[in-house]
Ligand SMILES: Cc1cc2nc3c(=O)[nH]c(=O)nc-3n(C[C@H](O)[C@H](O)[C@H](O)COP(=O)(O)O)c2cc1C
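Below sits a lone chain in structure tokens, taken as the form predicted alone.
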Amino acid sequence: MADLKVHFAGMELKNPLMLASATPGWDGQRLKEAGQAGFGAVISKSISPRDAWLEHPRNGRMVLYRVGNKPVGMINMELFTTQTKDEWFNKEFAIAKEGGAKICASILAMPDPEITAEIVEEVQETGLVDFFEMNVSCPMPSKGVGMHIGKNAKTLYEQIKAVKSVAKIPVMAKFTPGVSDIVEAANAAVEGGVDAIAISNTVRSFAGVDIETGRPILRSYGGYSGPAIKPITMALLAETARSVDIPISAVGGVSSWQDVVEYIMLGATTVQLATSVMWKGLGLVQEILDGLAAYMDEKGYKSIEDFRGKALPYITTVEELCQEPALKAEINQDLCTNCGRCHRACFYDGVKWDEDHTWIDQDNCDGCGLCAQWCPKEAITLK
């Protein structure tokens, strides 16, 4: 029987799933319900000493981004917690604890690292939280906080160094996907003493324009989340996992147990989700856990560690791939329905097509594989 427990930054979690810092954890009751739904850990909305940030837009702040009327992502302008520090300290964290999950307090890193450290001390004095997540990555706030800290390796190091000088429980830094060099940022965080890294926050974005009126759909910039950002997260995760030897929590685009497996195979120890919970409800948590356990039983994996990082040794550079033998497309005629999609996708004149038959010109095929990706019957392979 599969054992879903993981060891993360010195803690044992009952499973690798974490509720990410977002709308579903805006107060203690919601965190409690998330814990009861099965999450191994739950993360609060980001707490800040600035009362000015206790407000967020209440005139529309979330937009589903659709392609062909199918939601593929979501833009939000959520900002931080709407609860005061005292409300979290005196009420909300105690309620959250009743859910049975490990409790993480998300702390908004301030321009002055000493102020960030002070709020960390205040939170841990409650004795109600198990670890911290430093928000150095929010894509929306004013200059000096959020992604403006996380983009700079030096400021990131200074923040973590200050927090770790006072923290008595583990500290995780949540990175921005907008950093120019994720490896440089990760190494700076490790040098500062961070216990874990979260890869990564939402992608800075714009919701679009109503072309009938010429007005923006949302009138400010937001954070993009959902299935469409998963490839971005995977690249950042793999780069980080191959560069540092501390636990990583993968965040972004998770909507199934298969997504969780992929992130673990790319080096993650835990996996966070929020947008999919907002779209599908808390019942998704147990669905993912059941699927993960069944997959592990089928494959003979006894623990998460049995397949964590399994994909990393196979990742190489594009330049090195150029030196490998060329592959050519081949069509299984028993599966081919002669739909013509592969012909439209080929710009090397490698796919020949008429009303009765589709075939590959081996001399022209450049081995790109796009024809195979578009084939609805999986009739094309590269060999």
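The numbering used is simple: start at 1 and walk along the sequence shown. The structure presented is a predicted model; accordingly, all values stated were derived computationally and were not measured.
Same protein, other form: the form predicted in complex with the ligand, not shown, and the subject of what follows.
Of the candidates Val129, Leu79, Val285, Val171, Leu79 is the one whose heavy atoms come within 4.5 Å of the ligand in the model of the complex; the others do not. Scanning Thr240, Ser249, Asn201, Gln159 against the ligand in the model of the complex with a 4.5 Å heavy atom cut-off leaves one residue, Asn201. In the model of the complex, at least one heavy atom of Met278 sits within 4.5 Å of a heavy atom of the ligand.
Residue contact with the ligand in the model of the complex: Thr270 places no heavy atom within 4.5 Å of it.
Proximity of Val179 to the ligand in the model of the complex falls outside the 4.5 Å heavy atom cutoff.
Using a 4.5 angstroms limit between non-hydrogen atoms, Leu17 is distant from the ligand in the model of the complex. Between 286-294, 131-139, 205-213, 308-316, the stretch whose residues reach within 4.5 angstroms of the ligand in the model of the complex through a non-hydrogen atom is 131-139. Taken together, Ser21, Gly226 and Ile229 are fully in contact with the ligand in the model of the complex: each brings a heavy atom within 4.5 Å.
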